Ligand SMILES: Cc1cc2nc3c(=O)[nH]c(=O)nc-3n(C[C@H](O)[C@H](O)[C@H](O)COP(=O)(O)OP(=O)(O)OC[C@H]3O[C@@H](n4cnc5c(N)ncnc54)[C@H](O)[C@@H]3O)c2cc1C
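Given next, in structure tokens, is a single chain: the form predicted on its own.
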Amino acid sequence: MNSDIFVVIEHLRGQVSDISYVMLAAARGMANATGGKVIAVILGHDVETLARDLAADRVLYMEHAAFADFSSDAYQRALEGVIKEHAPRAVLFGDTTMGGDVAAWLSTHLALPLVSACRTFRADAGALKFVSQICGGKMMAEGDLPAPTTLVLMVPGGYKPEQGRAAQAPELARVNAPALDDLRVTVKDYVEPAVGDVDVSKEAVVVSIGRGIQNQDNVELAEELAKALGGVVAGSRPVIDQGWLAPTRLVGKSGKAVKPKLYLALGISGAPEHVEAIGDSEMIVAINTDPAAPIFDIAKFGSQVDMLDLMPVLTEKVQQAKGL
């Protein structure tokens, strides 16, 4: 049985996604337990640039015009051949729109088990165990990683992206791409969203509000706090869907990933889709009335208080500390 751990590198417009580095960090621990190697798999072009800091023992790559932008059809067909040929112990994908699209098809087509929402792995008496988030992240499920090959969808939070980076580029090995001339879906164009608001992904301080804000009038309290802290207001899906903040302020899997020095989560429960986008924050402070809210599992500091009572007081204290 092959003991290697394969990691499918997710990238977009020449940038490797953070979840790819998280997966590489997880794969290293798994490979140490199995005695195998960490093999990164890249489908794309300009592979040397994409692979330059991947903490992998080797990179298998394919180059083809169909990989210039993500194409589920092209990825499925290419990875099917790679998995059949090598039969690795595990193949890690990001639990993202891209990863879920490809891994689900491969699982069905190759009759391989698929573990979703996986957060961490550990070795127990020579066997690999996985820990996955369920019930919106409020519970963790543990189980044996089925042999000989399992597909895994990973969420962030269990490993830091920097653990998956290396100072030296790994060895590259080119693999011939399969015939990709009859794809059912092809990418015709890539359209960037219009820029007309602040980019929350680049802000050092983010005050993020969730369902606990209750109504639109209370958003002003968050804005006053963000102004005092020198940051911006962002929100989780319920706030954006209500139209209380612009879609550009959405933090989550379908919005922006953020890396602020301070992420203040106000009335946010901490669903996996949201947690995925805030894992690289230097400090997460959570305020929630629910003591079992999953956001407390990743927060450095937390308080079980009503955010509506806290925000005015906190704003005043910050202003006093700044002499405003």
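Just count from 1 along the sequence shown to find any residue number. Predicted model, so just to flag it, every value in this text is computed and none were measured. Note that the rigid core is defined as the largest set of C-alphas that superpose within 1.5 Å between two forms.
If you look for the form predicted together with the named molecule, you will not find it shown, but the lines that follow are about it.
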{"item": "Which of 104-112, 209-217, 77-85, 141-149 lines the interface with the named molecule in the model of the complex (heavy atom within 4.5 Å)", "value": "209-217"}
{"item": "Contact assignment for the named molecule in the model of the complex, among Leu128, Leu153, Ala226, Leu250, heavy atom within 4.5 Å", "value": "Leu250"}
{"item": "is_contact(Gln242, the named molecule) in the model of the complex, heavy atom dist at most 4.5 Å", "value": "no"}
{"item": "4.5 Å heavy atom contact, Gly100 to the named molecule in the model of the complex", "value": "no"}
{"item": "is_contact(Asn288, the named molecule) in the model of the complex, heavy atom dist at most 4.5 Å", "value": "yes"}
{"item": "Contact flag, Arg165 vs the named molecule in the model of the complex, heavy atom cut 4.5 Å", "value": "no"}
{"item": "Within 4.5 Å of the named molecule in the model of the complex, all of Gly267, Ala271 and Asp306 (non-hydrogen atom)", "value": "yes"}
{"item": "Neighbours of the named molecule in the model of the complex among 236-264 [non-hydrogen atom within 4.5 angstroms]", "value": "Ser236, Arg237, Pro238, Leu250, Val251, Gly252, Lys253, Ser254, Gly255"}
{"item": "Displaced residue check between this form and the one not shown: Gly94, CA, 2 Å or over, core reference", "value": "no"}
{"item": "Ala257 C-alpha relocation of at least 2 Å between this form and the one not shown, rigid core basis", "value": "yes"}
{"item": "Did Gln163 shift 2 Å or more between this form and the one not shown, C-alpha, core superposed", "value": "no"}
